[in-house]
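As a starting point, one isolated chain is supplied in structure tokens, in the form predicted on its own.
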């Protein structure tokens, strides 16, 4: 869901009554740790101050009426009874899928009128889908007079996306949306689901994280994301390990694989896990600028070994580095979306302008820029 306009209709205008609850959940940008989450690895995202809000009011029947503050998205009515994967398509599948997952968990849902409002640029790869799922879960739980632990909410939101929507994503986005804390990165061990909050105040060090929405098409329901996951699962079977996280001798593992594509996929995942832990160590030691080359190495790995970058993402990274960025990489699932650059605060405007000039010279759509200040996670709108 992208930013709503002040002239967009309110809940009261659409449904002719006032909302009973309002729940919000943020999008995320991942500092490092890409495609490691479905390999039992480590990820290091932060929550954005952008997100999705769901306002809701109970109905007397067993129907969800789902509307958006984006006027081009028509209201959809979804019966709660009979929900099943494949029964709802389009953007409302994320809402219906969340209701389905909650019901499977045993939550006694009630019918509801729901209004969705979002500020995350659509297609930017900043996890608008997880933000929508988690805020929907919060609103539906509140209307039902129920509650669940944050871990359960994240896992149910992931299940909605995996099974109901059909995107085989890992759990990073949903955990970032529910567990994040302002001023911190979220270190998540996706095997144990243990979280640790890592202080992250770049401005105090004279730095900034520039997030660039390339506006290149970004869609994970197609076959590319699933193909990357399938390659990892195939390599796991050949190597005889529980997950690629468990590969401790990378050279030996690569030597035992006779498919060059599998070798490159494995090399990215194993090295990316190491990069996440290296970044955490540097941040905790106070050597923030030293993470720059690690971010850049991550991009090379995603471009060469995992093959999930694209022309626009590479242009952001190359241009930012040439303009003096300390490090840069694509972020998110890939095949479009956004890139990040670690820059000196004094260079921020210049790097931004240089990127705009590079896109114009290449004849590409003008990119957008997103505030990357770490925000809070899921909760009622206050």
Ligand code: GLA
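Residue numbers count along the first chain shown, from 1. Keep in mind that what you see is a predicted model, and the values were worked out from it rather than measured.
FYI, the form predicted in complex with this ligand isn't displayed, but the following is about it.
Residue in contact with this ligand in the model of the complex (any heavy atom within 4.5 Å), chosen from 172, 244, 95, 140: 172. For the options 33, 337, 56, 26, the residue carrying a heavy atom within 4.5 angstroms of this ligand in the model of the complex is 33. Residue contact with this ligand in the model of the complex: residue 45 places no heavy atom within 4.5 Å of it. In the model of the complex, no heavy atom of residue 40 sits within 4.5 Å of this ligand. Heavy atoms of residue 225 reach within 4.5 Å of this ligand in the model of the complex, making it an interface residue. The closest non-hydrogen atom of residue 327 lies beyond 4.5 Å of this ligand in the model of the complex. Considering this ligand in the model of the complex, the lone stretch of 60-68, 46-54, 328-336, 309-317 in range is 328-336 [heavy atom distance within 4.5 Å].
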